[in-house]
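Coming up is one lone chain in structure tokens, specifically the form predicted alone.
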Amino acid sequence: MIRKSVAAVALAAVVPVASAKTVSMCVFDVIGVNGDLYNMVKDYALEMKAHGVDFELKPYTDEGVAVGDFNAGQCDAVAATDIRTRPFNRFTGSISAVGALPTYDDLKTLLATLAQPKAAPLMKENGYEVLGIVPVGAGYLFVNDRSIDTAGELAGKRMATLDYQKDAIHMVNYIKATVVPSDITNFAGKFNNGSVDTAYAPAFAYEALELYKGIGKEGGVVDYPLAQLTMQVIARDDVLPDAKAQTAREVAWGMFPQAMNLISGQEAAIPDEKWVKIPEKDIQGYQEMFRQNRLEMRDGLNGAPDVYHPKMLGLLSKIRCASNPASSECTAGNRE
């Protein structure tokens, strides 16, 4: 009897571990295992363990290598920025559409919507599934001369541009700035050594990538969000059953407050005098310019790449108009 009891206890201890689904994940954080993004994914993995999924994390400081290893089958899933994961899901990859989400409240509404079970079909595309979306902060324009505070002032300036981000390249060409092809591992160095005049990044880069060096005494951070960047967890469609995948997305949504606390701290760490304010009258013009560019990049017009998903742009438009119904775009004939 005692032997049977001991065996039963031992079996009970073993069963949850043996039945847990093990999923390897390539995780990008430019800082590595000490970075905030990597630690957030660790928290996500810890939570998912309680739901029977054991993520084995593999850190990468080069996002291209992380996605490449995922493509090569070295990992079952990958956690990377939506700019890199866009090819796996064009719908969620369009969250960072230029100028489409001007506030974090709008972003919160969007991510709450996408975490609902009825949005699950949109999380699957081309044999891949989105297992979670977490904000990493709005992308801001960093400049080495604070007089560069209008689209017109950007004409002729050298801008570090991710060479795989087609929408950014289109925008840079549109405002007649000069594309300086870069990647996430070297854009900060180019800005800091003066090889480029401007670069765009979330606030975390001010300290973590030392962009304050490139700003120097004359530059600043333009206080207008160009895009809302997110980290997305992508897996092959057969890695988790549908119910577990939905749980994973809800776990990621539950981390929104944690992510926003982090982002708020990073933005507060930029000294007030380094922010470059834009007049309200100019903001309306920028919003319309971004909207026209989104339409071009939805439909592939005027030489633009067709990178944005129409359904996501429509959803983002509804969210903007719900929070700002007086906006002229809400009655425009070509509303997204």
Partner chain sequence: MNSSQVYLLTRSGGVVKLIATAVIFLLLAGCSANPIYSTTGAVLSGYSEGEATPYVLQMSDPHMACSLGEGIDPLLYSFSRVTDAPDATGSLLMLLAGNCMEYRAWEAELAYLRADFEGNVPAAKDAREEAKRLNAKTAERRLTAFNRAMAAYEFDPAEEPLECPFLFSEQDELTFLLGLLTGMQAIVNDANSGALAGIPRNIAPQAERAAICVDNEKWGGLPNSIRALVWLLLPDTKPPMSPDPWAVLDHSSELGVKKGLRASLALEAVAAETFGRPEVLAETIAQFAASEDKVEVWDDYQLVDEVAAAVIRFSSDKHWTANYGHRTPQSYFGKMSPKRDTDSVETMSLDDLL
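Residue numbers count along the first chain shown, from 1. In this text the structure is predicted, and so the values were computed from the model without any measurement.
The following text describes the form predicted in complex with its partner chain, which does not appear among the structures shown.
The closest non-hydrogen atom of residue 209 lies within 4.5 Å of its partner chain in the predicted complex.
Residue contact check for residue 61: one or more of its heavy atoms lie within 4.5 Å of its partner chain in the predicted complex. With a 4.5 Å cutoff on heavy atoms, residue 42 counts as touching its partner chain in the predicted complex.
Although the partner is absent from this view, residue 36 contacts its partner chain in the predicted complex, with a non-hydrogen atom inside 4.5 angstroms. Note on the partner interface in the predicted complex: the residue among 305, 68, 32, 310 having a heavy atom within 4.5 angstroms of its partner chain is 32. For the residues 77, 154, 123, 188, the 4.5 Å heavy atom test against its partner chain in the predicted complex is passed only by 188.
Contact with its partner chain in the predicted complex, defined as a heavy atom within 4.5 Å, is made by none of 118, 317 and 321. Heavy atoms within 4.5 Å of its partner chain in the predicted complex are found in exactly one of 79-87, 178-186, 129-137, 235-243, that being 178-186.
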